[in-house]
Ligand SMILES: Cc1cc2nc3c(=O)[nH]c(=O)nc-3n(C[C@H](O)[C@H](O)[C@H](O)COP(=O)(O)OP(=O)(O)OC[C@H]3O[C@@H](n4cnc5c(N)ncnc54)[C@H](O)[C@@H]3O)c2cc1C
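Only one chain is shown below, in structure tokens, and it's the form predicted alone.
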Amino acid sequence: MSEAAEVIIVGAGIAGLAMAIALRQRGLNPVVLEQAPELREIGAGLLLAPNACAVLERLGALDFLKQGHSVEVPRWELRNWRGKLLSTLSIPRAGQDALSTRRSDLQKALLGCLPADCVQLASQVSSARLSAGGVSLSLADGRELRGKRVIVADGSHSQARASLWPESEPLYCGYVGWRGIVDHVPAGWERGRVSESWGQGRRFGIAPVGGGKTYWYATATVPEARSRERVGIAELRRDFAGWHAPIDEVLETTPNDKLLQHPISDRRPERDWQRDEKLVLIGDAAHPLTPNLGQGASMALEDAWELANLWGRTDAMLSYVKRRRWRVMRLWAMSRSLGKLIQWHNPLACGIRDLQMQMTPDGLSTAMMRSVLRYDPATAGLP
């Protein structure tokens, strides 16, 4: 790539692939750089809320997911650690259903909308710098690439971001997350039932993802000094002993070497995610969220669609930042606050929390989520 490419996208995750599809739909041919030597299953699942599915439909990736690679989610149950139902959130359709799927299946759906030569694997960007003609990217293998415009979509620990926004690493939120996928669906969860159970400083979620598989996740409050200490399945089974069925069954059938663990972190959305209309951040590279609202993938998809719709303008990147900042700021604050509530560990406080959830009408909870889940791709990027 001796001459500067018109558009380079850094990262072949959800945000990067969605961005590539949306730009190709508008007549551009972006190059996607991905650090991994291959794109493979990482053992994670996710909830695609109606706002995410609305964008996926426009991208042409939704049909693949609906053909046996996801489960429709009409509602979300909240229980206490003993299994008592506290609340049921009926997910507002807002024009689309919600789906539970594997991250790898979403990635396959997006890749299926792109030509094979669009993504360059084993291309890790280690730094970025602005130049007169655009952006120069230094790769870990020694290559130097240039793009007239660069979109950074390689996650919350992006090296390209760190080059231009130093000292902006995500901040630890006080709890650690574990994730896994098992090759069966527990009894009672066969019809797309999704649940999350709260305890004292802990939670456990269960979600079928299609293909006879089930995704689960758990969190526990952990001091930052111990947040990277490896915890195995045996320790998780001990920590969640006595919790309602099928939690122990799900943990017992998870291979220890397939267990994912990561400290939960986020970053307050900054005012500026772009540089001189040459480089812009999207998805977690711009605004990593805690997973408490299940909106990480949705925000990445919305970002990509919004930026693509603005692309022909001379101030596209700046306009995108202005349009997106307040929405993601609101969700960042909501998700962070909810995470603190869930991770309470005082028994009395947890009892009051659970009682309050039980007394809140389900319709009110659903109504509160409606504005979060509503997004119309048809009007994105319009005045």
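Just so you know, these numbers come straight off a predicted model, no measurement behind them. Start at 1 and count along the sequence shown; that's the residue number.
There is another form of this protein, the form predicted together with the named molecule, and it is not shown here; the text below is about that form.
Within this chain, Glu34 lines the site of the named molecule in the predicted bound form, having a heavy atom no more than 4.5 Å away.
In the predicted bound form, none of the heavy atoms of Thr253 sits within 4.5 Å of a heavy atom of the named molecule. Residue contact check for Pro291: one or more of its heavy atoms lie within 4.5 Å of the named molecule in the predicted bound form. Interface residue remark: Ala300 is counted as part of the site for the named molecule in the predicted bound form, having a heavy atom within 4.5 Å. With the partner removed from view, the residue among Gly199, Pro208, Gly296, Gly205 that has a non-hydrogen atom within 4.5 Å of the named molecule in the predicted bound form turns out to be Gly296. Exactly one listed residue, out of Val125, Val280, Val194, Ile247, brings a non-hydrogen atom to within 4.5 Å of the named molecule in the predicted bound form: Val125.
Contact with the named molecule, judged by heavy atoms within 4.5 Å in the predicted bound form, is confined among 165 to 173, 143 to 151, 233 to 241, 283 to 291 to 283 to 291. Contact residues in stretch 167 to 194 (any heavy atom within 4.5 Å of the named molecule, taken in the predicted bound form) are limited to Arg179.
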